[in-house]
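This document contains two forms of one protein chain, each encoded as structure tokens and listed individually as structure 1 and structure 2.
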Structure 1
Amino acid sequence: MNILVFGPNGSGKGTQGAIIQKKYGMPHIESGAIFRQNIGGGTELGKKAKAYIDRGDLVPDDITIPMILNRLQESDCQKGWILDGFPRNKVQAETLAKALKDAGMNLDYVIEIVLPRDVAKLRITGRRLCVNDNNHPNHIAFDAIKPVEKDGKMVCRVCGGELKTRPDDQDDAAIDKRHDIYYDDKTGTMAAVNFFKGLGGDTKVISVDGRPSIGEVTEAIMKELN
């Protein structure tokens, strides 16, 4: 079972990806980790990508997509995979779909976590990241996942680990920039989602409301996957 996961920053797609990973025993692959793996490992694609990054340029798709395909063809992906963080725009979606087809790889599900932009922004500014596991949900604005207090400071509600914030989570301009890309339904990430909705064939698109609790969102997704 091969899955793409979409959702704006703040939608909880990383958390849901981790839950799906645990249930089905498939790797949850984030595009950023693929870059780090290739650059850190000194692969040829990694060297090419690093040259662009060092100049402050975007890494072109003809380098990014082969990296992703290589990762999806590794032995731990034989039973399936969950890809998160790519594609980010319509052109990448079209290119990835063709590359998967050419490689003989099926795309079984596309999961879209739907969340209004204002709600997504609130979730970003209030979230706290556990230093032990970023997928431990902690948020100062939601009682169900609010951090707990220990020795006068707030710690992770799951493991008691130290909490931190991402600097760009507290930067309105940075949040708006990320969301401008995601919610753009002409050329951005929403355009990519809409491309897969119109793809047809054996690819099933699952759209779920991201506003309820983590458990409720998980239940809605699992109902469609089973």
Structure 2
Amino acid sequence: MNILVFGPNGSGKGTQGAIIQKKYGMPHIESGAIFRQNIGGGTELGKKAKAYIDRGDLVPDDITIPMILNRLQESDCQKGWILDGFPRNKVQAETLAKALKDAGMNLDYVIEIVLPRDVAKLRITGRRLCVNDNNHPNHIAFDAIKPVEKDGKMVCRVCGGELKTRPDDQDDAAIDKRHDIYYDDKTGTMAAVNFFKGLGGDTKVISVDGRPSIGEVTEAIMKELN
């Protein structure tokens, strides 16, 4: 089963992607997380990407597109994948659709988590990243995924690991820029969403309201996945 997950920053798409991964066992490929791992590891790719990410800009397509298409060729993707954070613009969408077609890969589901921009922004500044596992959701404003306190410090509620904030989550201008890109339906991410919605064929589109609780959003998605 091959799945694309769309949603603005703050919509919980990473959280839902992680839940789907757990249930179905296929890799959860997050473009943003791959960049952050490379930045943390001091790789050439990380060095190239860092300034763009800190500003909330997209990393150029000539870096991002091959990175993701190569990732989809890895052996763990043969039984399916969940792609999250890619495509983020129309060019990436068209390139991905062509690459899938050329590789004879089907796109089974497009999940769109719909969230108004003001709600998404409010959610971003409270989220925390577990240093051990990016798929451990933590957020200081939501009881269901609130970090826990240990020795006077807030730690990951799943594994007790150290928590970090993303620099681009604490920078107002970077948040706004990421949302400008997401909600842009001419060439940005909404244009990519609409491109896949219009593809037809065997691809099923699942649009869910991102405002209810994590569990309710999961339920709405799971009802449609089979």
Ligand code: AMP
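Here, residue number means position along structure 1's sequence, counting from 1. Since this is a predicted model, take the numbers as computed values, not measurements. If you superpose the two forms and keep the largest set of C-alpha atoms that fall within 1.5 Å, you have the rigid core.
**Request:** Only one of these is the form predicted on its own, so let me know which.
**Result:** Number 1 is right.
**Prompt:** After superposition on the rigid core, does the Cα atom of Gly42 shift by at least 2 Å between the two structures?
**Reply:** After core superposition, the C-alpha of Gly42 moves 2 Å or more between the two structures.
**Prompt:** Do you see a C-alpha shift of 2 Å or more at Arg157 between the two structures, with the core held fixed?
**Reply:** Yes, Arg157 moves 2 Å or more.
**Residue shift check between the two structures, rigid core fit, Asp133 Cα at least 2 Å** = Yes; that C-alpha moves by at least 2 Å between the two structures.
**Request:** Quick one: how many Å does the C-alpha of Gln73 shift between the two structures once the rigid core is superposed?
**Result:** Looking at the C-alpha of Gln73 between the two structures, the offset is 2.9 Å.
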